[in-house]
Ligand code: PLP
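Coming up is one lone chain in structure tokens, specifically the form predicted alone.
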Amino acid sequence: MENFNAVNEIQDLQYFGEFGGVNPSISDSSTYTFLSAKTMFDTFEGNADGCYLYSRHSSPMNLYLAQALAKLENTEAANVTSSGMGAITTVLLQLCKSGDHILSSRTIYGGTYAFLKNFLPPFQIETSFVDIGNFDAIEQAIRPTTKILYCESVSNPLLEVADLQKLASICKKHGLKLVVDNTFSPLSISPKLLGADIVIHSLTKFINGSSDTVGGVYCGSQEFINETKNVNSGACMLLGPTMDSLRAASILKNLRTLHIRMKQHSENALYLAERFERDGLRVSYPGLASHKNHELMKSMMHSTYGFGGLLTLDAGTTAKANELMELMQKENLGYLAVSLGFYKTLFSCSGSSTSSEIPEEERASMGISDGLIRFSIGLDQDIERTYQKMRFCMVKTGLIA
């Protein structure tokens, strides 16, 4: 795809602080006053634009951040939450009621999988997990009660790329909502421009980028966002996954450097992936020509921001993966930790961490091996030095002869 102007639109947003500060003032209040009782009533009814009611419903700083993220994802509106799971669960529970059915990609974040597989069935909401690249299987799995097709633009942890345009056409044909978690590929992929109805992010990851804040967002039409915040029937309003205003302010500041960081994450990840592949390691990265979805992602992405900062390496066994990760941490090459998007490289063995909610036999059928290491590549300035040190660790652990 050609480049787009989301970064310019974010930078053009201008919020002056109460005293003219270059950053907007933080409203450190849980509740807000009204000059008349009628305005309070109108606000409860949703008929008083620009008025703040209660911070569980909205706050100035949360709205500032939501507006910027809506610009990022080319949607009419957005709403921020206290975690990525808060965003995911809000969207799914707003769109589905008892008796409804969800179609989901089989390779997704373990927490999302657990919510769909274990939490929702007692509420009579069923989920069928499908290969997101098998369009015939997707159409065959659609029921009269199916409401949502859910996927990740780039999947966790296998880095499979969803053909969002094809999925959008299937959803349009059958009257489904296409919900896309775009956490792994902010700026690189724009799901809304490819036909998605709702776009979700864990703000904890690349968008915030400093591993000091937990947050989430869902982006969609103004009508849908309003529905989730309705005081009588809104999933976000009634379940209460509210983001704190101080955290919203922190994320908004970090959002301004996202375009710079994503370029560096992607450049570093591609550099390492190419060299690991040359060394004969079992590496997967969408930027490699050997990746099964390489051409698909090229056709969907904004090339300025690259193929993303995530790669995987299969060490063969959990023991070998652990040995390698512990040595890399000892050599100051990063941290043995979950999550992603930090300035330092983070690595974890997916089967025993972020995908551990998925039963072992199902992980095996998906292709998540016991020795699969997920790397979130950092912002290292001298990536050749990083590679040489990583290669030393891989030689020492026997992954490279």
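Don't overthink the numbering: it's just position in the shown sequence, from 1. Quick caveat: nothing in here was measured; it's all calculated off a predicted structure.
Keep in mind the form predicted in complex with ligand PLP is missing from the figure; the text below concerns it.
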>> Check P191 for me: does it contact ligand PLP in the model of the complex (non-hydrogen atoms, 4.5 angstroms)?
In response: no
>> So in the model of the complex, is ligand PLP close enough to L92 to count as touching (4.5 Å, heavy atoms)?
In response: no
> Do Q264 and ligand PLP share at least one heavy atom pair within 4.5 Å in the model of the complex?
Replying inline: no
> So in the model of the complex, does any heavy atom of R247 sit within 4.5 Å of ligand PLP?
Replying inline: no
> So which of K229, K205, H302, K71 reaches within 4.5 angstroms of ligand PLP in the model of the complex, heavy atom to heavy atom?
Replying inline: K205
> Only one of P286, P186, G220, G84 has a non-hydrogen atom within 4.5 angstroms of ligand PLP in the model of the complex; which is it?
Replying inline: G84
>> Quick check for you: of 72-80, 148-156, 170-178, 290-298, which stretch puts a non-hydrogen atom within 4.5 Å of ligand PLP in the model of the complex?
In response: 148-156
